[in-house]
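We begin with a single chain expressed as structure tokens, specifically the form predicted alone.
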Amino acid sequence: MNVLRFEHVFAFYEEGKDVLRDVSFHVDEGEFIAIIGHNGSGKSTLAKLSAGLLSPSNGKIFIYDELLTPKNVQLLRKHIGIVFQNPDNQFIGSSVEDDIAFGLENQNIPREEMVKRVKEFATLTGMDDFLDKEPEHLSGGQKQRVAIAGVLAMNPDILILDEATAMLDPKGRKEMMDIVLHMHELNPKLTIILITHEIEETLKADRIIALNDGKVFLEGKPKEIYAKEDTLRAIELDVPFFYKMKNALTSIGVDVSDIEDLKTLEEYLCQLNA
């Protein structure tokens, strides 16, 4: 079932420049999709269009097979939760607890259920000991945890992460992705759209869409996309270390086609050297 579908979408926002040009793709229920591309390729515009925060200049966007229009955007947006790059842009409440609860209040969730969800998702994101803290006293990683807790508490069907780990250190990025992947395990029907320039975060995606100059340049499974190392480098994109190793070994005639993760690859190489 398609939960999101773009059909020949164009977007013109930056001084007449084409931000997106004739973009078509679909996302199925429960998929984990990673969208990559160099700066200015249209990733964030695509995220805002998907969440109904922008309207396309041309083309059609469907949410659960329903055409997204100005009349139904508020209704369809309830399916979607989005976490942005800068958590400060999403803080509304005067405390962590208030901030996680804010979206639930807007949905008129009964207070008993609201309290339950705030506690549940604060605990899930490791922020249950900070519920009475003011946001300005939190670190960047903690703020982003609160932002994702608030979004997840609203039980979205589609979770969009728009460069959500960009301001975090490597440890914070890993923690953030661990939370997201854990949520996907708990709810296999949750659809995740990860927009990122951190290519290592894409390794567990079901599918990758690579944008270049506002168009879909490549689309496929990680192993299909990252096998095209030279093609990606031509549009200023890197390849995860695991696939660099696989590509290098393949180029010298070592068959590692069945190996799917770095640990297994390391073990295989140790056996070759034994």
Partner chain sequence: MASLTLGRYVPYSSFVHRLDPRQKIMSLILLMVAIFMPLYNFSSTFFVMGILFILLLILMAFSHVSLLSLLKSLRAMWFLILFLMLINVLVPIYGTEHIAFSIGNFHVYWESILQSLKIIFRLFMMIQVTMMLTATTKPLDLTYGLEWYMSPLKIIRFPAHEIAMVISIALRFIPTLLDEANRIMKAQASRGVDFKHGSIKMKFKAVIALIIPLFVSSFQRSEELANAMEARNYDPRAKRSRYHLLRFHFLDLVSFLLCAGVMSFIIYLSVANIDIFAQFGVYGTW
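Everything numeric in this text was worked out from a predicted model, so none of it was measured. Positions refer to the first chain, counted from 1.
From this point on, the text means the form predicted in complex with its partner chain, which you will not see here.
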Quiz item: Using a 4.5 Å heavy atom cut-off, are V256, I259 and L269 all in contact with its partner chain in the predicted bound form?
Solution: no
Practice problem: Taking 4.5 Å between heavy atoms as the contact cutoff, choose which of M183, I109, A166, L203 touches its partner chain in the predicted bound form. | Solution: I109
Quiz prompt | in the predicted bound form, the residue from L218, A227, I235, L53 that sits within 4.5 Å of its partner chain by heavy atoms | solution = L53
Practice problem: Quick one: find which of 170-178, 75-83, 189-197, 157-165 has residues within 4.5 Å of its partner chain in the predicted bound form by heavy atom distance. | Solution: 75-83
Exercise. May I ask you to check whether A101 falls inside a 4.5 Å heavy atom distance of its partner chain in the predicted bound form?
Key: yes
Quiz item: Within a 4.5 Å heavy atom cut-off, is G126 in contact with its partner chain in the predicted bound form?
Solution: no
Quiz item: Might V118 be said to contact its partner chain in the predicted bound form, defining contact as any heavy atom within 4.5 Å?
Solution: yes
Quiz item: Looking at the partner-bound form in the predicted bound form, is G140 within 4.5 Å of its partner chain by any heavy atom?
Solution: no
Exercise. At a 4.5 angstroms cut-off on non-hydrogen atoms, which residues of 116-146 are near its partner chain in the predicted bound form? List them in order.
Key: V118, P135, E136
